[in-house]
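In structure tokens, one chain follows: the form predicted alone.
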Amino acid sequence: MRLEALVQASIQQALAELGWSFSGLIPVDRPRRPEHGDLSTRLPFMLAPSLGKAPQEVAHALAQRLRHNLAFAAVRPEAGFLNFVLQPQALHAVLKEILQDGLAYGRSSVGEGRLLQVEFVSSNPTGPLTIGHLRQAALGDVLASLYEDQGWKVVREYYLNDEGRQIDLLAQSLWARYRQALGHDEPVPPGGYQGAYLVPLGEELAKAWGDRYPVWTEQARQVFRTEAVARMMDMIHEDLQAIGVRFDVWTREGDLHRRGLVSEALQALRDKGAVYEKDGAQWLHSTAEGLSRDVVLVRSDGTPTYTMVDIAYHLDKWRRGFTLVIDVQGADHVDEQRQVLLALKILGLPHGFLRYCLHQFVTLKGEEGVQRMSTRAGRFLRLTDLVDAVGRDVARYFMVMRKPESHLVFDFELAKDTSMENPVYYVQYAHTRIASVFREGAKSGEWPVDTPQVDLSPLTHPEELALVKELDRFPDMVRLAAQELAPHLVCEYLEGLAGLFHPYYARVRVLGQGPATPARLCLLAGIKLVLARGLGLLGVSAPEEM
């Protein structure tokens, strides 16, 4: 039984003996200060009003009932809280359970197989993916893994905006590069895409087509739109493969229009009285629902806005049977997100159906300093180039190791550093060090051990008990990281666990220590298991050697 559950069960028994009751989950916390024990509960404060007693009196009564529990070295009522100090045997039982669970440790069935969609990256097909898109790719992929670990059936989806003015600008920019390759002085259109990535594509088309499209006509627009999107998608697939991200579903904006979903969603909002006409445009009456401004859904020329299409897209997600949808988007989309959430509420979709994981922008810090990425201007570091330079593990880890809401500076020099100054290697070295101990133990005949039969009583040192307590925290961390859309918690946890392990590894001999060796090997096995589990959730490797 895990430590939190052990305390909860013990308190429930004490409540029954006292003739008291508490409905709901008993709160159990981990004190930040070690003098307050290993675990603590504020339950006395919650019970006091109904019992007509002071919290400290309730805490004392519970402590009297719990002091003889063999799992606790001490039960202390302090200022209305109830603090617990655990016996080593209780921690040993947790370690045994971790090893018994193996790679299933920390997994949950709370999702009950319900259908969840994570939509992320969804970059317009106007260029290859850059370091600016990497944060979305890593965040979305890790969130999907976290929810899969919690028992949800997860669909990773990419929304492809293959319509509109930006695609036209891309097509004309590619046409300009095609004409330049034929020796003509054709400028990239104003607001077009200056990136050098279009130059070799233009040269390829010039060789294949010759002077077939000398003038920018409607026919040329259609041809170059199709060609540009197809070639950009090839690049995007290459970049996603380099970073280890796959998608189950690709949805094109054009399909939403062709299926009539945008018109249908607009009519549904009209039927709810939420749309009005002004200056020839169709507006969502958002201010009537408490937002600061109304938003255009259909322009005066009859073309739907991005917001209108997004509303239709999410209505389609609901109809496809998703219980929960998580969109990973930049923080600059907040206003549009509020409009979409309002529209879904008006249409009767349940609160909480759509959640946004918002992230701030990424800048690259290297020898040239810090610069903002810009695909259109042609100043960017493509994902495939970044992975070639620093490796997939580092690229993914660096993108999720900070809170999504905080600005991220990608330190290129630190990312290339292969010492333990690099947080990725700091965590991975802990895993490889344990693997090295196991290899040496195999040579001496001390490893593997019969884990269920090992006597763990030699594990009494505070460092060892602290490590087991940290391992016990892993399932709670995974649950919270998913619930709070906070993959950075996984990184913080892994670095904390590695931070406890490395000094222990440096100080304590494991092999050749008689009865202590099998116990310490079991501890290392638990640490190695949890490190591999956490790295796996991040899509980062857990190497046996480095």
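Here, rigid core means the biggest group of C-alpha atoms that superpose within 1.5 Å across both forms. Counting begins at 1, following the sequence as shown. Just so it is clear, the model here is predicted, and its values are computed rather than measured.
As for the form predicted in complex with the RNA, it is not shown, yet the points below apply to it.
Heavy atoms within 4.5 Å of the RNA in the predicted complex are found in exactly one of 241-249, 417-425, 172-180, 315-323, that being 417-425.
Shown without its partner, this chain lists Ala288, Val334, Ala230, Leu103 as candidates; in the predicted complex, only Val334 has a non-hydrogen atom within 4.5 angstroms of the RNA. Shown without its partner, this chain lists Asp385, Glu148, Asp255, Glu78 as candidates; in the predicted complex, only Glu78 has a non-hydrogen atom within 4.5 angstroms of the RNA. Taken together, Ala137, Leu201 and Ser457 are entirely out of contact with the RNA in the predicted complex: none brings a heavy atom within 4.5 Å.
Using a 4.5 angstroms threshold between heavy atoms, Glu97 stays clear of the RNA in the predicted complex. Among residues of the shown chain, Tyr429 is one whose heavy atoms approach the RNA to within 4.5 Å in the predicted complex. Contact annotation for Glu57: none of its heavy atoms lies within 4.5 Å of the RNA in the predicted complex. Put simply, Leu511 is close to the RNA in the predicted complex: some heavy atom of it is within 4.5 Å. Along 486-514, residues His488, Leu489, Glu492, His502, Pro503, Tyr505, Ala506, Val508, Arg509, Val510, Leu511, Gln513 each place a heavy atom within 4.5 Å of the RNA in the predicted complex. In the core-superposed comparison between this form and the one not shown, Phe45 has its Cα shifted by at least 2 Å.
Ala79: CA moves 2 Å or more between this form and the one not shown after rigid-core fitting.
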